[in-house]
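Okay, so we've got the same protein chain twice, two forms, each given alone as structure tokens, structure 1 and structure 2.
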Structure 1
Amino acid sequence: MDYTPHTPQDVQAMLERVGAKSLLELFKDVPQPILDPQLKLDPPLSEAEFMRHLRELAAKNQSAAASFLGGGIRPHYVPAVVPALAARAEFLTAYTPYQPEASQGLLQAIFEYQTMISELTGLPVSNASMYDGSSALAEGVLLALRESGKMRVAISQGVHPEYRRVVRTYAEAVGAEVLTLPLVEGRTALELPEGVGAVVGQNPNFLGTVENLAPLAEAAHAAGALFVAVVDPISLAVLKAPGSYGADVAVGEGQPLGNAMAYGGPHFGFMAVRSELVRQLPGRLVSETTDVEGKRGYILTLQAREQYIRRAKAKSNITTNAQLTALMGAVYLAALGPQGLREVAVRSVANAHVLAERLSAIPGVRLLTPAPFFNEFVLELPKPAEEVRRALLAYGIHAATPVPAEYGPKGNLTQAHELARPEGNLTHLALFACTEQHTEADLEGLEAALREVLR
């Protein structure tokens, strides 16, 4: 099965026109010894055969749609209107809107998205999207280092461990040093090392605690650093916007906004900054303007920041970002509106508090996350988390994301370069997440199953 329309007659006529005898002759510039190799690939399948094969593979997976798994990706409900509109072929099959006259649809949608992200974060300027939350954070840190002219990053232990690893990968490449600010009783320590140019906190943090990050932002500014906040977009329906507590840059993962979990991607990352930082911002940016008739229109702007204009002097190499998934985020926000988003947040929070109470009443289980917490929390279990996660499967429940041992009471703070993988290493710590989808029966079911598993 391929998607080429050429009949043998077409091929013949076209070859004649270009003056070649065969298709192979078109490759005459390729050195003979490496031309037309044997490829060891499976024999081709028709569409029907492929879909049957794929259904067999899909049957080896179990849906986590009703799960209690969290840690950056959560099973919030995706309203049908979101994928239905994002599937419009005009959006799906377009590319970067370099030709604005033919791309007003996407450009306007991005302008609206930028406005929504600006509203959520309380910062005036949002770009068009980043790949995901973690790479958005890494780029936010690089932005802060460029702006401050310093080469040291202090990142709270409360930031998602995978995000910290990504920051480390990016920062090391430019020779910047990454230091970790430990969580003390679930909150980021305020003592900053010397010479930091970027300070990072997460709210709610990785344990689920809602931190007041204003003092950390203040400390960052006093040290001549920029403050970068990692935030959950659903939480911003009710929690203070990072712009209101001193964040210079806010980043986060957009998956909870109308994107299927999809085994970790694709989703989108968002990034918003103070006005003064607009020329440091990586990625696409859309501005309103007018056309020759004075009609309102939208266009990519400040492109001198970008690689295809500035090459080696660009602010980032980012090009293709996550436009369609960001569009899904915007459709989701418009579909829910401020009240709907608030209800999603409130129900998630309420569920998490009921669940935490139920689960921490089980003998041997202890709630590790200090109050106040949002819709996720960490429990210390009497058994290894990975074992518990597996045992719960027998009850049809996906829950208990293993949490690195560094977060435990006896855990030694690991510097970013020593971070163990989140699963494995026999940690007894497990993260639980609730969404608006969970019912009272779901919570009861998990409690009953966990009691059995830990018996």
Structure 2
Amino acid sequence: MDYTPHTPQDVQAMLERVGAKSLLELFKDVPQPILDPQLKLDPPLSEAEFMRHLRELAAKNQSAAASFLGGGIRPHYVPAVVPALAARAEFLTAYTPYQPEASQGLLQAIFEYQTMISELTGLPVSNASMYDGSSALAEGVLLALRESGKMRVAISQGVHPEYRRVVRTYAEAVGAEVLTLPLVEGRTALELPEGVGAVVGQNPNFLGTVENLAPLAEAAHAAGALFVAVVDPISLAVLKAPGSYGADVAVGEGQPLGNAMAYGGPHFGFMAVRSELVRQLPGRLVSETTDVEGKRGYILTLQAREQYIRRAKAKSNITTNAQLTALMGAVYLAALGPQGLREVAVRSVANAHVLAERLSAIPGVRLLTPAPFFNEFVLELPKPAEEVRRALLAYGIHAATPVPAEYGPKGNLTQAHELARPEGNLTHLALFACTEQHTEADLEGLEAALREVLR
């Protein structure tokens, strides 16, 4: 009651209206442990005491000297201009810019973001952003099912295992069936099951392999399905854009674009589609227009949530977009430009190949991801990957992300399994990642530490 605007008179009027004598009677059906949890809280602190307490807690954090963890979240450099511009007061907002006339700066920033994502992916329409890569993929799959009118999804095993689990969760809610396309020597098999409405591939895939997804897109279209490509935004500076090889929808994780790793989030997801699919697009779409005086302005053109349109016509329940993190992505792309982004990609590729060569020269270590790969690769280790990952922490290094056991000893799928729990996953396969930020000293440090751990 201390934190609500209702006066005692307001509460009494409400109780009389509903026929309850007291709040306790009103909430009588709520279990007592929930109604009165008996919280054991420390005594209140002053602001100065509280700030001192927070600093003491922060001092307990252990930060690694370098991170080589694979799996899509990586330590790219964030230029100082990114937080400096993204934190300006002009971009501050409590929520979605519902009143365009009062939010022109923010709407223009979203419009510029959409334009750059469209240019990256080679697809003409981008929405205002999604929450993250996995939910962007799930929404992309639902889009494809709505458009195709079919309820079967064929998803490559090369797609991030956690992304596939999110897709299964979304698909179950609408009664769609999800089938897995196995990897053969690290690449997606092209035999599609009958009746598929959505086909999904990832490039580079979860094991780091650079796949040619054009044949998979062709097979999807021949089967009457839409093709959804999961892509790394940095890789698009050196690899073909999904729009160029027939993708109907492109989605991905935006963290590499100007966002810190931040223990896994918050980040943003992106989605771009063919023009014909704009009415199926989830989330929001900002467009450019002119006002009555002929001046340029920006508006929210599409809002496909059931809050705004008839429920039967709604495309998604996503309530907004990841505005701040997507804005940081837009500033990052604008600051680097096409050439700068390419330099980041090329440096990342070079570092990854140098590291792979060094680590695979350690006795008992084998490189399984075929070259050329982008900036992540899989090594087979003589010890369990989880054991190695934990041991490297003692050297101040985050590395050796365990590869789920479903991929088998060589990254080939023999039968589909759910993602193994870390504590039960004794796989000897580990993912490593490199970015433009890793120095020669970082590479040497990881090599030396891994040699010691594997002795």
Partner chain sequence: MITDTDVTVDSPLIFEHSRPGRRGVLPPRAPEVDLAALLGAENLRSEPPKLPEVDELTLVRHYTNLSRRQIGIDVAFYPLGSCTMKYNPKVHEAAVQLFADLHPYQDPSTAQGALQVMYELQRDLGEITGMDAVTLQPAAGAHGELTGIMIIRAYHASRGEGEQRRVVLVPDSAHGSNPATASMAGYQVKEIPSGPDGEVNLEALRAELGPHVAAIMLTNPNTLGLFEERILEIARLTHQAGALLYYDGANLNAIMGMARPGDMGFDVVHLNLHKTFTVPHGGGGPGSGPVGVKARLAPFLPVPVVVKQGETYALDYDRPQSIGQVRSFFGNFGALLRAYAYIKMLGAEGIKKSAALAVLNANYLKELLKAEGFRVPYDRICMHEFVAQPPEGIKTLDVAKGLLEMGYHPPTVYFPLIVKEALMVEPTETESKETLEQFARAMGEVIRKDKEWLEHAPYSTPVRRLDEVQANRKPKLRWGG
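Residue positions are counted from 1 along structure 1's sequence. As the structure is a computational prediction, the values presented were derived from the model and not from experiment. The term rigid core refers to the most C-alpha atoms you can superpose between the two forms while keeping them within 1.5 Å.
Taken from the structure described as the form predicted in complex with its partner chain is structure 1, whereas structure 2 is drawn from elsewhere.
Core-aligned Cα shift between structures 1 and 2 at Lys40: this is 5.2 Å. Once the core of the two forms is superposed, the Cα of Ala20 has moved 18.9 Å between structures 1 and 2. Taking the rigid core as reference, the CA displacement of Glu49 between structures 1 and 2 comes to 2.9 Å.
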